[in-house]
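Given next, in C-alpha cells, is a single chain: the form predicted alone.
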Amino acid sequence: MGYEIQTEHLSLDFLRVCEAAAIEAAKTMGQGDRKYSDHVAVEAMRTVMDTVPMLGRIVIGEGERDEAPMLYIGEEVGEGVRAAREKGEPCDEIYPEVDIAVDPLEGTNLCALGANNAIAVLAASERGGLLNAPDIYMDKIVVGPSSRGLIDINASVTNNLAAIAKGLGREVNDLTVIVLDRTRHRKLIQEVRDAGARIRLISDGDLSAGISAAVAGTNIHALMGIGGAPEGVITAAAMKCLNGEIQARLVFDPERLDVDKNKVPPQEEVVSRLKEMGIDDPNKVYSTDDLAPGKKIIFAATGVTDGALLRGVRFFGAGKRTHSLVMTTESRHIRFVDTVHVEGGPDTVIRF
C-alpha cells in the first residue's frame, strides 16, 4: 500500500500543469497549425508534470508509445518517478501512485482557428480509478444533477428529453442540447428538433460541452452524440465532482461514423485490442462510475480561448492571466481560479 493521494495538495499542482499547457497553446491561437498547437501544449504539460510530487502513470494520453513521444499511454511521470530512477529503488512510501488522463489541448482546431472553447484539461485518481479507454469513438449522453438517474442511452431521444425536462421541471421546448456538427448526427439532430428541443451545434470540443451541461446557468441541459472515448472518461471524472451523469457505449461500426472507412480498423482488430485493455464486452453501457470508478478524483482545466465556462489566456506586457476550474471529489470544492502570472520586476503594474 503506497502513500495515499492528498487531493487538495495535488489539485493545485495539476492546476499548474493545465495553466502551463494553456499558456503555450494560446501563443499559437489563430495561426492555423493545429498540430503545432497540440505539440507545444503537450511539451509544456509534460515538463510541469515532472515537478508534481507523485508516481504518475498516463492511462489516457496522446496515443500509444510509438505514436506519441510524450504523454503516451503507460508513460510514467512525476517527481517520484525521477527520484526512483535516481535512487534505483521504489518511492511508493513517499509519493502517491496516481493515474492520469490528459488532453493537453481539447479543441486543437478551435485553437488553430481562434474559436471559442479550447481548453487544457486533465483528470487524475488513485491507481485504477480511471478506465483505460481505447482511442476510438463513444456514443454519449451527459446531463446535470437534476437529471441524474433519469436518462437511458438505450431509450429514444424523445424519451430521454422528456425525462431531462421532468427532472428540471421544464418543458422539452425549454431545453438546449449540445451536439457535435457531424454528418453522423443527422438523425439525432432531427430527432431532437422533432421533440421540440433547441440545439447548439459545435464544431469541436464535446468534453467542455459536457461539463457545461452539468453546470446550472449555462443554459445547456444535455450533450448527446458520438465523440471520442478518451474524452468520455475525462468527462466522467468531471461528472463525479459535479454530481452529473454520463452514460456511454463504444462505437466501432464504420457505418455509424462519418470518417474514411479505410482509416477505421476492422471490427475484429478493435475487439481484440479491447480485450487486451481488459474490456470483454464491447457493447457494454458505461455509467459514470464505470468510466471513473476512483474514490479520489481530481479534475483540472484551464481555458485556452474564451468559452462558456472559462475565459481564455490573456497576455499583457509583463505577464499573462489564466482562468481555470479545479475540482475534487473529496473536498467537494469547485474552484474557479483566476491567476495573474507576473513576469516583470518589482515595479510591474498588475492588471485586473
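We number the residues from 1 along the sequence you see. As the structure is a computational prediction, the values presented were derived from the model and not from experiment.
One more form of this protein should be noted, the form predicted together with a small molecule, which is absent from this view; the next part is about it.
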Contact test, all of D13, R46 and R82, partner the small molecule in the model of the complex, heavy atom 4.5 Å: no
Answer option from R200, R184, R273, R127, heavy atom within 4.5 Å of the small molecule in the model of the complex: R184
Contact residue in the model of the complex, chosen from L207, V77, V102, A133 - any heavy atom within 4.5 Å of the small molecule: L207
In the model of the complex, segment of 273 to 281, 187 to 195, 167 to 175, 137 to 145 with a heavy atom within 4.5 Å of the small molecule: 137 to 145
Partner proximity in the model of the complex: G227 to the small molecule, non-hydrogen atom cutoff 4.5 Å: yes
Any non-hydrogen atom of L180 within 4.5 angstroms of the small molecule in the model of the complex: yes
Touches the small molecule in the model of the complex: E245 (any heavy atom, 4.5 Å): no
Partner proximity in the model of the complex: E97 to the small molecule, non-hydrogen atom cutoff 4.5 Å: no
